[in-house]
Structure formats: C-alpha cells, structure tokens
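Presented below, as structure tokens, is a lone chain in the form predicted alone.
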Amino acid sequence: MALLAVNDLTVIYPARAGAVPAVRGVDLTLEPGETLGLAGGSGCGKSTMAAAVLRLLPPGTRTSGTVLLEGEDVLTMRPGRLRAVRWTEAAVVFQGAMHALNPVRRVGDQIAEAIHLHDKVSDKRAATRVGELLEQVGLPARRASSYPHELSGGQRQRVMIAMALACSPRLLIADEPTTALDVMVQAQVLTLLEELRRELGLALLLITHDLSVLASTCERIAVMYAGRIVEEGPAAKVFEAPAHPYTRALAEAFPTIGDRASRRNPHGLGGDPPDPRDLPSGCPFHPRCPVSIAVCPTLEVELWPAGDGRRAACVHVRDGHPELVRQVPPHPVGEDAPAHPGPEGSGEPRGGAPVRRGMS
C-alpha cells in the first residue's frame, strides 16, 4: 500500500472576484522511503498540494477527492485524529524559515513544543531530544537557546527540518526548502534532506520550481501547470527528454554551467501563466505552447503514456509523437518567438507569443 495516495484532488479557494480552482483533479502516489519531486512555476498549485496533504488550507476552502495517508483519508479525519497525525505521521518544512519560526521564542522551545504535545515527556527529556535533533541536522545542541534572528538562513532552515522530524514522521513534505538561500547552502540543505531520508527511512515530497534540483535528488518527478499534473515519470528521463512542452521550458530555463552558449543565450517562455478563474479552453497550456496545433484549444487533455515509465498531457504524446515536443527551437529570452513551421490549422506546430523575461 502506498504511504500517500492522492486521488482526483480538487482545491477551490473562496475569493470576492470568484472562486479560484488552485488544484484540479490531481492524482499522486508516494511509496514508503521514496522521493517524489513536484515542480512548476508560481501559481501552479504545488504549495496548495502540500497544504492539502495535512489539511492546512484556510477556512472556506472547498476540497474534493481523497488524500490517503497510510490508507486513511486526511480530508475526512476528525479534528482530534488530524492533530495526532500531524507531526507524527507527516510533517511539513515550509518555505521561508524566518517567517515560519516565532521570532520571540528560542528555537529549542519551538522544537520542544511538538514533542510535548505528542509524546507527553518531561522537560528534561524534551530538551535532550531537541539537542539530538539539532545535531542530527548539523547544528550544535547549544543552538537551542538561540532566537531565529541569531541564526543564518541555512541554520534556520535546518531548525525547521529538525522541528519537522521531532515526532519521527514517515512522510516529510519540503515546500521550497531552499528558497532565498545561496547556492552553496542550498546544496547543503538538499544533501541533508537526502541523508536524513536514507538514515530514517523517510518518504520525501520535495516541492520546488527548480527542475534541475529535483532531477539530482528525486527518483520521480511530477510537473504541474494550471492546477494539474502535465507530466510525471523517472526524474532523469523527465529532465533530459521532456515529453511536455512546459516541462521542456522549465528544463531549458536553467543555464548549463561552463557552457558559454547557454550562458549568453538564456531561454524563456512566452506569455503569462493563466488566471485560474479564466482558464483557456482545451489544453490550458496551448496559448503559450510553441508546438500547439489546431485541436489543442478543444482537446480534453489527460496523462497519456509517453514511454520510459512516463505520462504526459500533450496531444503529441497521445498521437505517439513525443519527439515533436523537443524539435522546435526554444524561445530566446528578450526576443520575439521565432515563427515555427506550419500554418495555423495545418496540424503542425505554430508560432508563439512575444517572450517576457523570466520563467513561470
């Protein structure tokens, strides 16, 4: 049985301007001890996914589907059972540790709070456990007496990881755990997460916009766009030979170290992410897609087999031609997208929209 099984999950936020469907019919599974990466640009729904797994969504949010944690549906748990599951069976490392930690409490007290709530131990035993946790994440036990502002960004992130591990959960959800950290500290935090996963037998759901990070740390990758999974499969295959044009754009947004051509000619993606309240018809990616064809605005997309254990929500995959996704040149940043061969309606890839700087 899968440790985590998300089935047809839909999450809709209330808003004055109209309901916002942030997640739309997502399916995910995570086995014990496995590492799954969830990638996508800002607003695609990946952080909402993280919050939904432990029902940390704001009041008024509507959810449907199931989130099975060790066979038990989190979405239908009673409040008491839900409190017991949080920290002990699954825990979250939030992005932005400075905002997640209480600035007026010592970090040791914040870690100990979860231990006291769930394990009912003495202050002395809790303090010993806090010291063990800090050392486990590479910090001296004496740092328990520090306030968050006395620690560096990387140290605060390690405190967040120690806090998440306080009650020995089987599932760790890391939501953008390296945001705002420099490259060297990012590498240290990611290495730490992988070491802890192996040492403790954790299952890890790692969420980030950086596809290259997931390719080097995860066994499988799922890519989200407009609230849906658009591609999933083995990490190396998804990163090296994307079967969906959005995955390809994410992969090519990162320069290759040491490659002058890559550094001097960065690539991006035309247009903007769609408004969740006004999604395009058919495939939601088609207005930005350099390989869209006439059927895309009316096509009801789903995840079709793409070979090598992958699935992708692209008409070219459905038609047995995933290589078309990789044949059209990527958009150069700062220039208009080149006209791709094939007139509109011909069944061949068409031209794209002007490119904006950045990638989302």
Partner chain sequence: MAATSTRTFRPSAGQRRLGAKLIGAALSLAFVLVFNFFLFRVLPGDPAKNLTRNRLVPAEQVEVLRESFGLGKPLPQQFAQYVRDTLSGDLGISYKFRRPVSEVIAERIWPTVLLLGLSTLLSTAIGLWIGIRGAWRRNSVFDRVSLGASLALYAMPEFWLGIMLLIAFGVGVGPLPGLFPTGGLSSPDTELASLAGVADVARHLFLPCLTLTLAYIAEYALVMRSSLLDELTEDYLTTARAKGLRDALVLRRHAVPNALLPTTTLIFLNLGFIVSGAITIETVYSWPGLGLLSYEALRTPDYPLLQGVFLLFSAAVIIANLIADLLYAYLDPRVRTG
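Owing to the predicted nature of the structure, the values given are computational and were not obtained by experimental measurement. Residue numbers count along the first chain shown, from 1.
Unshown form predicted together with its partner chain; subsequent notes refer to it.
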Does its partner chain come within 4.5 Å of a heavy atom in each of Leu4, Tyr13 and Ser64 in the predicted bound form? no
Since only the chain is shown here, I'm wondering whether Val130 would be in contact with its partner chain in the predicted bound form (any heavy atom pair within 4.5 Å). no
Any chance Phe239 has a heavy atom within 4.5 Å of its partner chain in the predicted bound form? no
Tell me, yes or no, whether Leu68 is in contact with its partner chain in the predicted bound form, where a contact means a heavy atom of each within 4.5 Å. no
Answer with yes or no whether Leu56 is in contact with its partner chain in the predicted bound form, where contact means some heavy atom within 4.5 Å. yes
Only one of these stretches, 219-227, 198-206, 113-121, 242-250, has heavy atoms within 4.5 Å of its partner chain in the predicted bound form; which one is it? 113-121
Though its partner chain is not shown, can you say which of Gln188, Ser281, Thr179, Asn102 has a heavy atom within 4.5 Å of it in the predicted bound form? Asn102
So which of Asp275, Glu150, Glu194, Asp210 gets a non-hydrogen atom within 4.5 Å of its partner chain in the predicted bound form? Glu150
